[in-house]
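Next up is one chain by itself, shown in structure tokens, the form predicted on its own.
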Amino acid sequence: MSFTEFLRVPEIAQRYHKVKQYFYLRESAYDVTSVCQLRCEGCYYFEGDKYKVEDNRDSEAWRAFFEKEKARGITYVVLAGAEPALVPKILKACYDVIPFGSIASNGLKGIDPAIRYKIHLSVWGDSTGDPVYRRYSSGKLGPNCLPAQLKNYKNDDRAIFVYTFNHENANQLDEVLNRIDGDGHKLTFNVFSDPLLNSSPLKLRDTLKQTREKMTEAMEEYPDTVIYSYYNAEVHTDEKSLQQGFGCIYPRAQQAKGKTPIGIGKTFRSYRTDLTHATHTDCCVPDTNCADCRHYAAGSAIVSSRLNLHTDSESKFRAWLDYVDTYLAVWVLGYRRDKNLYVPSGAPAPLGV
């Protein structure tokens, strides 16, 4: 069957036209502050040298900057850094100009409800593990962030919890998921990816299969809470990294290989807190070791851009549609994910959305 023949299947055609509406999104990433209450194991912000620049704290300068980004064609922003919630005026300046985006936060401080961005709340483990992986900037054991996150974002439709699997925390998911489900929130998954210059003990080594099984178990037990697909699980726990499996389209990777940028490679930039960027670090997670990258943000662009690798069978095309549907539900406020179109052999039929 060909691509056009796949679209003759009603459920496939419906899903394709649903996700195609968002193909216009053009994103860039912005570190908005170098200040944070915590120092998390393997935190990419404090890798490399990007945190060493001087913060621009003038919200009006940021507003003017985002006007230029809008004029450059950027329609979606990813605000990160150390902790964006600590610079509310800059968040507002961005939202006033580009009203489509997301914020990566530790959740210890709430964000103005008027800022209608998706808010990604990071979770590193259960009540035992989270304080070990996330210490205070003073070096003391950190808090278990989940209680504060649940309190600060109670009944907040912007929030989605992001559980990062590492080499040792797969079995810590149960407590976290039970609490998040009990509060009516949604959760998705990330996979720890090794920093480029500072290899971490949290790098997944022989636990990729265990991680995939835990992801699948969670999806099937909590179908209305876990925003993930079977294909997401396969892709992000494969022995091959995203770059090895699909190639990377971010400017950093394109430049390193001497290629002419295509797609997001032409427009994506990773700005530092002083409003500068450098092509050799323009990537969704600039200081990740590309050979180990399984990061959920990277996959959202890399896998979604590889439609051409998913059209040789109906099964692969269904899997790709599930992946894009999942990515949009994670990153776009108000987008609702549908049931899986692709179910691997031996897995139960999908129950939820």
Partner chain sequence: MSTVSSTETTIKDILWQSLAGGSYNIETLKSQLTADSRFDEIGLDSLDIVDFFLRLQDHFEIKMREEDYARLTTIKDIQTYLEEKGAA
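Numbering follows the first chain given and starts at 1. Quantities reported herein were computed from a predicted structural model and do not represent experimental measurements.
There is another form of the same protein, the form predicted in complex with the partner chain; it is not shown, and what comes next is about it.
Of the listed positions (223, 201, 263, 147), a single one reaches within 4.5 angstroms of the partner chain by any non-hydrogen atom in the predicted complex, namely 263. In terms of contact with the partner chain in the predicted complex, the residue from 59, 305, 33, 37 that brings a heavy atom within 4.5 Å is 305. Using a 4.5 angstroms limit between non-hydrogen atoms, residue 311 touches the partner chain in the predicted complex.
The shortest heavy atom separation between residue 345 and the partner chain in the predicted complex exceeds 4.5 Å.
Under a 4.5 angstroms non-hydrogen atom cutoff, the partner chain in the predicted complex has residue 26 among its neighbouring residues. Mapping the unseen interface onto this chain, residue 323 falls outside it, with no heavy atom inside 4.5 Å of the partner chain in the predicted complex. Here the marked residues 128, 137 and 140 all miss the partner chain in the predicted complex; none has a heavy atom within 4.5 angstroms. For the partner-free chain shown, 16, 17, 20, 21, 23, 24, 26 of 10-34 come within 4.5 angstroms of the partner chain in the predicted complex, judged by any non-hydrogen atom.
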